[in-house]
Structure formats: structure tokens, C-alpha cells
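The chain that follows stands alone, in the form predicted on its own, written as C-alpha cells.
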């Protein structure tokens, strides 16, 4: 009922433990708090909170228009709804080192288990688009140092995302990843790798956990969990997958109403009321209600 019974510090410790095991953790992107509940119900290992999804949810493109307040607010709503660890996209940290530090503490307060900060210039753009620009090494390392220094819970995972592959090539990405780890990154997110061998090269370049971004319509083929696990990837995210699925279904439903004058033809594809109530734990609320109101008045008072 209501929110997760697992406190953020416990979630972070559990996330660190799972990461240390070397297994592949699957973290689909939640587009709202209810979908985070669904991700947990289906037995996934964690929940990803995508900046592109938060933007799109507001009707905005992923070009650095969202604010820290919006991202922290949505992260809190999603994180408190699940016992799973949440990993949030903190873009470039919403400014330079001091802002990065404040971003880290704000997201830590929101209850996330980890966050990633990238080395793109401000304002950033979607990592799988062309025409990205990255900052110099010094700026990239300052962002990660300030992030690592700012956290109060040492278990908060500070992941560094590098977009340099698309700009300067794979060797530059490997070099930068090593430098980011030396600067304090707990994990590496190599963005827009071209194929499995590039992920393998990144895996060999660093000893910390690495993340694979399996986003549709992007630069990478959609590798299976077996393929990724076999080369030693630690986290796989599906950032916009559920939003795309949900919006695709919503569009088909609206088309059906336009075409047929009723939604009857698509009702069979919808989540049932019973299933929604199950995810919302309706029963738990009923039980709470009866326990609170189920009392008898003593005649002496």
C-alpha cells in the first residue's frame, strides 16, 4: 500500500551488492510511477528514469529544456513507488560543477539509487542523434569529481556517460572512460556504441560496471540480454521502450474511435480494470480501511 517499504539507503546498498555480483541487471525505463510498479511486478532488477522520457512526457524534445526541479520531482514520485533501485539520467548535471553538486544532492534526496552525468556541452541533445558536441577532458572530469564529492551516501552510484564515441571515435571513448573512472566514476555508460565489439572494447578498458543502452531507432543493434551478459555488461536499460509501447497503443485506440465510433475493437488489448487494481494494491487499501474503522465503542466512555 502507498509507497515502498524499502528506504533509499537500503535500495542503494542492495544495488551495489547486485552490481558487484557481475550479473546483468535489466532496468526498463518507467514513464510514470505506475509503470515502475509494473516493472517490479514483472521481476526486473531495477527501474531506469530517462531524461528523454521526462521531456517527452512534458511534450518537449530531449534538448536540455527540463530543469533539475522537474527531474528530481519525477524521480521522487517514481522511486518511492518501487522497492527496486532507480537509476536516473541527470543529463549534464544542469550546469557546471557547483550545479552538478546540487543536482546530485537533490536527486539523492529524491531517493534514487544512482544517476549518470554526461560529457556533452550544455545544452545537450539526444545521444543517438548526430551533431553532438562534447566538453574537453578537464570539464568532463570536474563534473564527475564534483558529483562524487557532493553525495552524502557513499552507496549512491555516480555513473559517467561519455558521448565522445560519435565525435572522436572508439579509442577516444576508451581513454575518456579510464579518466572518468580515475576521477571517481563508479560506473561507465558508453553512449552510441556501433556494435557488440565496441561494448567489448569498453568492457576491457575499465574495471567498473558498464551500461548498455538498448534504445530503439538508435545507433546500436538491439542485442539480447544473453549477448550483453556474455561480454560482461552489468546493466542494460530500455529507456523509452515502455513510453513508445504505451503511446503506440494509445494512438491505435484513438484511430479506432475515429474509424469505428467506438473503442470496442481494441478493448481486448487494454489492461483490465482487475489488473490495474491488482497493480495499485486495492486490496491493501481496503484492509487498511477496515482495520482503522473496525472498532467498537465502549459503553463506559
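Positions refer to the first chain, counted from 1. As the structure is a computational prediction, the values presented were derived from the model and not from experiment.
Although not depicted, the form predicted together with a small molecule is the subject of the following passage.
Taking a 4.5 Å heavy atom cutoff to the small molecule in the model of the complex, the contact residue among 106, 155, 213, 76 is 213.
With the partner omitted from this view, the residue of 176, 143, 165, 161 that lies near the small molecule in the model of the complex is 161 [heavy atom within 4.5 Å]. Stretch-level contact check against the small molecule in the model of the complex with heavy atoms at 4.5 Å: of 30 to 38, 245 to 253, 265 to 273, 50 to 58, the positive one is 50 to 58.
Site residues 25, 45 and 188 are none of them in contact with the small molecule in the model of the complex, judged by any heavy atom within 4.5 Å. Within 4.5 Å of any heavy atom of the small molecule in the model of the complex lies no heavy atom of residue 111. Heavy atoms of residue 203 never reach within 4.5 Å of the small molecule in the model of the complex, leaving it off the interface. Although the partner is absent from this view, residue 240 contacts the small molecule in the model of the complex, with a non-hydrogen atom inside 4.5 angstroms. Not displayed here, the small molecule is kept clear of residue 151 by more than 4.5 Å at the level of heavy atoms in the model of the complex.
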